[in-house]
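The form predicted alone is given below as one chain in structure tokens.
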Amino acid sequence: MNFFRSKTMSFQKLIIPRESAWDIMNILAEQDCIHFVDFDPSVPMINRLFSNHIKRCDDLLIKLSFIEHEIKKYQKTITYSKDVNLIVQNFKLLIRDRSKASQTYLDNVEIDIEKKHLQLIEQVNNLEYLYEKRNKLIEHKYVMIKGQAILGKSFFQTANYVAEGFMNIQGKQLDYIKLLQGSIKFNYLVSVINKEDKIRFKRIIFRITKGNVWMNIMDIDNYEIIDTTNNNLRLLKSVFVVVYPGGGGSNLITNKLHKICESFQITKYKFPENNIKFQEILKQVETDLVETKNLLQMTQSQMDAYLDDFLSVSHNSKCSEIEELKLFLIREKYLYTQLNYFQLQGSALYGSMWLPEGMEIKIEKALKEVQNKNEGLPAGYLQSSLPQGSSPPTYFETNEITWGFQEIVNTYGIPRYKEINPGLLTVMTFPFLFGVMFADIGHGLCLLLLGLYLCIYNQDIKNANSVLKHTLIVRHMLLMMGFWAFYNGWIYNDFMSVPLNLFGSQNEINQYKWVLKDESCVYSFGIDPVWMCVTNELTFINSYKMKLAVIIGVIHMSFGIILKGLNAIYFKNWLDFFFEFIPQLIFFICSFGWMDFLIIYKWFINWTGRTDEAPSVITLMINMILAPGQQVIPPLWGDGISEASTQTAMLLIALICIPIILIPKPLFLYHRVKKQEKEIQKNQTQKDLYRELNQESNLQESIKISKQEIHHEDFGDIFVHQVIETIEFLLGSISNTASYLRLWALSLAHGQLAEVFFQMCLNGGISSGGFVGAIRLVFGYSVFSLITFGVLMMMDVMECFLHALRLHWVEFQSKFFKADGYAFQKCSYLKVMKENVDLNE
């Protein structure tokens, strides 16, 4: 059973001639069953044999990303691959039909992408230049028009003389400045500024010149000015005119204004000195603007046609050309990355790999296929070998149902090779524990229907590119979580805080009190709805859920301890089996298993009419430790003496198990270590004698070998480690059992929140009745729906999910799960390309 324990692995050596390395790796990557082992992980990838090929692929992918950015910039749609198998088959056809060597196809792709990339850069630069030119011409045009509107025609008059720096125009109006124009020379600064900067610019001008200027700003109504460096964002501009006294040369105010313009990156425009010149310049600007717009439109059309070539959909691959090229480069990069795990020795590449048992025949067949297709190329050689110091990888075959649960386990840690996989058990226990916490008929039904909808219409949702597409991967998990929440809602008889009376009640009112119709009756299913009407409802429900949570927790953890024993049997680790598994299981059963027995036994006794005589389970457990052997009063059965004797026996057995867990294992381990050291020293002495007889005096090598083989470990280290393990188990048994009370706490919180929402939003409208009640019910139901969806169906689902996750990671898996393995990373084109396609989606 491959999902219960990892697939059996075989270690193989592979020798590949360098001239056929690409062809052999290409066909091996199509087999989806190989885990290549890096010959030396300490060697940087840049120093590997095929690092140059990987760099070429990375450079080409960057260039394709630039092309893809331009395509999206022009709001064009790329057809992504829906079926990676079509891409793989298409690449096989392309390479098969080539007359040249297969690996040279990358050279052709590289030349093609380089050429298209350079052409695209040229087109983009031309467009940017034309956009900038159009922006400048539009600015110049509006500088002329708005400048004339601000200054008026009288400013074209020439001054009789110049008096620089002596005229103060602070606070003067433009009409007053016009009157002085005949006798004083004024300078003009006319340009364009971003609309968002005009207030700041005006404030700085006023402060620098101390108000000795006249300034006006008018907004440009044209929205054709764009920012080519920011995805062609529309820019809002304003024309400003600054009039200040002074001659035409350089003076203090002129220098200050120019520096301010430089800080704002403002292009200064020269305003014409007379009306005739003004008309000539304006006409020329408008002519240039029309020509630039026509040229820009023509360049954009060429750009569209050029980008459309990248969007052409291939008949074989069913995706755009740019997507096909991108996937090919990802495929090539992956191939050379796998080849970098090999070591070059002479003219051959030597590598190691793990194969699932039975796949050797498949690989040998693939190697022969390469030789048959390419006559003259030497084939690879596969040889079975013993692993060198590394344990095999862990490999489980998953499907759409088990994938999500296996990921929950892998997030905590990869199972050790051949260790029992918690993922198989998580498929059953995770949705159930979630359902215990989220137990509600109505809310569970909503989650169940969502899971059913995702499972039935998964293909339609995927094709429609719906928002729910990202939840398809966990649709089976949602389905099971919804089912168990729905089922446990019936157990608790809770429909959004309202009990359902489907099976009737076994109680009736007699003299204003609820009494049983038949004292020997058992309710059909779940909880009698009458419990929701009595004064001690919360006390009863809390007691019931809390005890149920403890029972579930003890059963769950006991099963985890049993799995530890199964692992010990499988690995033939009899030391762990006899001195950890058996005493731990006995300790747990005699302590917390005994507590569960008391709870269940108490449930089977009819306490009607004598509830005061019912003993407290908590009191019984406390007295079991603090007052062992004393008669139990009140007793759960008999006169209390036999019960006390049983409890004392349970306590003694549990206490005896503690030293059994603590002491024997370190002693056996220390004895084993000493025995191994003696054997190693004996073997080393024989090696040294052999070297002396053969005149081999490489002393440094001998010392190095001996240090690697001898692993010394003191008894103190072993014993301290076992003390920690023992304390962790004993204290963990208590804390982990208490941790399962979250099953009760989350269920209680869910039920109380649902009750509060019902009482605050709906109960008032239902109680009022009439027209007012109907209005209150309409508004109340709207609020009730929104708050139920937001708090209970979103936040509480996530909360219960995380708590179920913690119960599996900490409380359950800690009993048997080592989580120190590493995953089987199969060499697969399908896998790496599918990951890229999923990122695009």
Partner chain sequence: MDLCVFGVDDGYAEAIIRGLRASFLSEAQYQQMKNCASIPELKSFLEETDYQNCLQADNPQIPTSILRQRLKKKLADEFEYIEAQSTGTLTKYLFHLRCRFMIDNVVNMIEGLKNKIDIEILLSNIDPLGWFPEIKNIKVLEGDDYSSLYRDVLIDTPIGVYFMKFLEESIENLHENRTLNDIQNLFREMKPEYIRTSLKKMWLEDFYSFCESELMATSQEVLLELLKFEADFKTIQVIYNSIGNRDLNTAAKIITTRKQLCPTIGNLYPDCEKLYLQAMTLDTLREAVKGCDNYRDLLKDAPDPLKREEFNVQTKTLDDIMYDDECRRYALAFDGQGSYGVFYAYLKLKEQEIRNIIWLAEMISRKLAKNHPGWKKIIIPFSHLGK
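What you see is a predicted model; the values in this text were computed from it and never measured. Positions refer to the first chain, counted from 1. If you superpose the two forms and keep the largest set of C-alpha atoms that fall within 1.5 Å, you have the rigid core.
Below, we refer to the form predicted together with its partner chain, which is not included among the displayed structures.
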> Does any heavy atom of His803 come within 4.5 Å of a heavy atom of its partner chain in the predicted complex?
Replying inline: no
> Is there any non-hydrogen atom of Phe719 lying within 4.5 Å of its partner chain in the predicted complex?
Replying inline: no
>> Lys259 versus its partner chain, in the predicted complex: is there a non-hydrogen atom within 4.5 Å?
In response: yes
> Would Lys682 count as touching its partner chain in the predicted complex under a 4.5 Å heavy atom rule?
Replying inline: no
> Ile46, Ile775, Met794, Leu786: which sits within 4.5 Å of its partner chain in the predicted complex by any heavy atom?
Replying inline: Ile46
> Just one of Gln265, Asn125, Gln279, Asn501 has a heavy atom within 4.5 Å of its partner chain in the predicted complex. Which one?
Replying inline: Gln265
> in the predicted complex, which of 407 to 415, 206 to 214, 612 to 620, 314 to 322 comes within 4.5 Å of its partner chain (heavy atoms)?
Replying inline: 206 to 214
> Can a Cα shift of no less than 2 Å be assigned to Ser65 between the shown form and the other one, given superposition on the rigid core?
Replying inline: yes
> Can a Cα shift of no less than 2 Å be assigned to Cys261 between the shown form and the other one, given superposition on the rigid core?
Replying inline: yes
> Does Arg610 show a Cα shift reaching 2 Å between the shown form and the other one after rigid-core superposition?
Replying inline: no
